[in-house]
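Let's start with one chain on its own, the form predicted alone, as structure tokens.
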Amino acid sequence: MPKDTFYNLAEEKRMKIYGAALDEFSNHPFKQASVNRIVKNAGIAKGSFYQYFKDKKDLYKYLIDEIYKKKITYLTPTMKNPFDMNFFDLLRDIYASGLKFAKDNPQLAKIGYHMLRDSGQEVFNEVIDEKKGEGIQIYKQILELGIKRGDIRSDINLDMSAYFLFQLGNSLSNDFIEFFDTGEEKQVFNLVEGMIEMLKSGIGKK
């Protein structure tokens, strides 16, 4: 996470560094991203960069954390009244909120896209390990609600099902970006609908 010196900067300078980092990591995977380009585009000395961040990974993890916080704001309206929704309608809204986030924030979505495609990288494992528990817990909670409402079979393995839904959401994020690049958004919605129908057959209560 950034050092206090970063947060003590004037907002304009802080946002310039943030913007330069967004540009770099949205255009390049972590390994190919360059601190030299970031400091050049931010208009700061390279030495100043290390006064604000420990290293490139520190900056990257800060951006991922900011993306996560912003993505949660898209999910929040859906999660305000989960008791009033059928499980599969709620899940559809959750996936739709991820699609809307990607559409509204293409730079942020591209960073997440690069991260997911770099799944063999050490930094990916660090970031996912930090966020995975929170994401899986959200899915576990809505699965429990679905069981109580009678939407979901009561004999499912909650932990395994929550993990599967979490990973499915990550996989769909990759497809969101690829379809947006071609302008074929309708295919994304069709993909989500197909996934929902498949899940109904597997964990839905007959």
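Residue numbers run from 1 along the displayed sequence. What you see is a predicted model, and the numbers here were worked out from it, not measured in a lab.
There is another form of this protein, the form predicted in complex with the DNA, and it is not shown here; the text below is about that form.
For K70, no non-hydrogen atom is located within 4.5 Å of the DNA in the model of the complex, even though that partner is not displayed. Residue contact with the DNA in the model of the complex: Y52 places a heavy atom within 4.5 Å of it. In the model of the complex, the DNA lies farther than 4.5 Å from every heavy atom of S26. Shown alone here, L9 lies within 4.5 Å of the DNA in the model of the complex, counting heavy atoms only. The partner is absent here, but in the model of the complex a heavy atom of V35, alone among I156, V35, L172, L145, sits within 4.5 Å of the DNA. Partner contacts here mean any heavy atom within 4.5 Å of the DNA in the model of the complex, and among 36-44, 60-68, 137-145, 160-168 they occur only in 36-44.
Site residues K13, S48 and K56 are all in contact with the DNA in the model of the complex, judged by any heavy atom within 4.5 Å.
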